[in-house]
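First, one chain by itself: the form predicted on its own, in structure tokens.
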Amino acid sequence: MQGALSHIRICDFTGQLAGAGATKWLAAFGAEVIRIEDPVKEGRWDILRSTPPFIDARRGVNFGGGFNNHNTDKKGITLNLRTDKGKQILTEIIKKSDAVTENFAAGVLDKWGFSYEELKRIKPDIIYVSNCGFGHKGPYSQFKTWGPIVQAVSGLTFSSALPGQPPAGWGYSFMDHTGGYYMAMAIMLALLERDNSGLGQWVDLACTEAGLSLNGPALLDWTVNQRPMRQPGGFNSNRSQFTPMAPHGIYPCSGEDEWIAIACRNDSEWLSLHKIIQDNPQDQAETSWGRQFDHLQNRLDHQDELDQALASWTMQQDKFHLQDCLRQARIPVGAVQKPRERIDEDPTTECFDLWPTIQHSKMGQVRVDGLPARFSETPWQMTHGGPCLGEHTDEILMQLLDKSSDEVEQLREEGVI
């Protein structure tokens, strides 16, 4: 079955996750995504090519699990852009493409002679989407970033902490994932506009600004009330500041490192939870709860005491059993699940086909991340693993650019491919 984007071709320089994760979406819906890589610095444009996780003892530029995961169903060509012939071949590919995508540091394509002005000269309606830490304009544009730096500068790192503790951060690659989603959306919006008006354009995406946009309530609170996020008494990022809720947090359950998330949005939900506690007292004496928490403001005023009492009760409960009990009472709840519990034990996994098995030309069969959206008429598909280095060079040169086998061999001998 043809994909919804089977008429689209992308000349792709993206790497890691913030870029490659974007074009993965397009490839899953049928777009022809042609990855351009360097035959001299093998794998150095994308360090994930040769970094763990691995499926077995094999190592090298074709066995990085992260790279395979982010580049399913794409094609790969090596091209030496230090050579005039390499630049000419890239020019020919751009002429036949709808978009050029990259997440290098600002100015890399300019240095190679492929600025947006040059791309427009090659193909007037080309779409160019760049995605770097600070964008291509402004005083920070020349600074290089990585996931944790983006999260720190955007304000996200500061927003995650417990009282008396330093900022906890949002994980190694939170903004790589989110940046990829923003970039995929940007590519599609630019393609839609081109289809409507015939105009190409440059979409300059800054991953740090994308992260900043996720701080909405805290930014609004400062703008309107001059109220900082961290105030005397500490900051608990588990608790809902906007809108106030109590209890609202992560609580321990029975077993080693087992937890559950519980949120009571109003008095009615709290009273339902309180009844469950009464009916299942365990070692927690019901009299210790009293009626002092029946109203939201009382719970907010004594939230530390509330959390401590609730934690002493939840730590005697199995997280999944408690989750079922609270769900039946229509209380917002979720067991804190470990990755293995979601991928192998949760029934929604199979329902969404969220981890399909694909065929990699060297690794064999491997499970990868699918897309968390189901389309009734134009579903996504993933069948092939990420391209090995230069795997489709001959195919692209001969089928797309009409080169002969002798020409391809000559280019290889000259170090162009």
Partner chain sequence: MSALNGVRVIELANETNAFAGKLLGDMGADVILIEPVNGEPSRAYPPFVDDQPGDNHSLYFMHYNTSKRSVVLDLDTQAGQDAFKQLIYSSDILLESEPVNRLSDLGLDYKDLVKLQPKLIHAALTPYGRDQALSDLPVTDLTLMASSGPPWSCGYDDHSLPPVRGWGQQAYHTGCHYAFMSILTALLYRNVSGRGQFIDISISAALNVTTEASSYSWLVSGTTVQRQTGRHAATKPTAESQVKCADGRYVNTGVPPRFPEEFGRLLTWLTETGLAEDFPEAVFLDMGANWQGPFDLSLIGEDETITAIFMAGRDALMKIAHSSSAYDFFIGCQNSGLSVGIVYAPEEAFEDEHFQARGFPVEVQHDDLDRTITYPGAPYQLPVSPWSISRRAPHLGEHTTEILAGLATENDEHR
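This structure is a prediction, so every number in the text was calculated from the model and none was measured. Numbering follows the first chain given and starts at 1.
Just so you know, the form predicted together with its partner chain exists too; it's not on screen, but the next bit is about it.
Put simply, residue 367 is close to its partner chain in the predicted bound form: some heavy atom of it is within 4.5 Å.
Contact check for residue 293: every heavy atom lies farther than 4.5 Å from its partner chain in the predicted bound form.
Proximity of residue 202 to its partner chain in the predicted bound form: non-hydrogen atoms within 4.5 Å are present. The closest non-hydrogen atom of residue 107 lies beyond 4.5 Å of its partner chain in the predicted bound form. Shown alone, this chain has one stretch from 304 to 312, 73 to 81, 270 to 278, 236 to 244 that lies within 4.5 Å of its partner chain in the predicted bound form by heavy atoms: 236 to 244. Checking 255, 124, 171, 113 against its partner chain in the predicted bound form, a heavy atom within 4.5 Å turns up for just one residue: 171.
The partner is not shown here, but in the predicted bound form the stretch 185 to 207 reaches within 4.5 angstroms of its partner chain through a heavy atom at 185, 186, 188, 189, 190, 191, 192, 193, 195, 196, 197, 199, 200, 201, 202, 203, 204, 205, 206.
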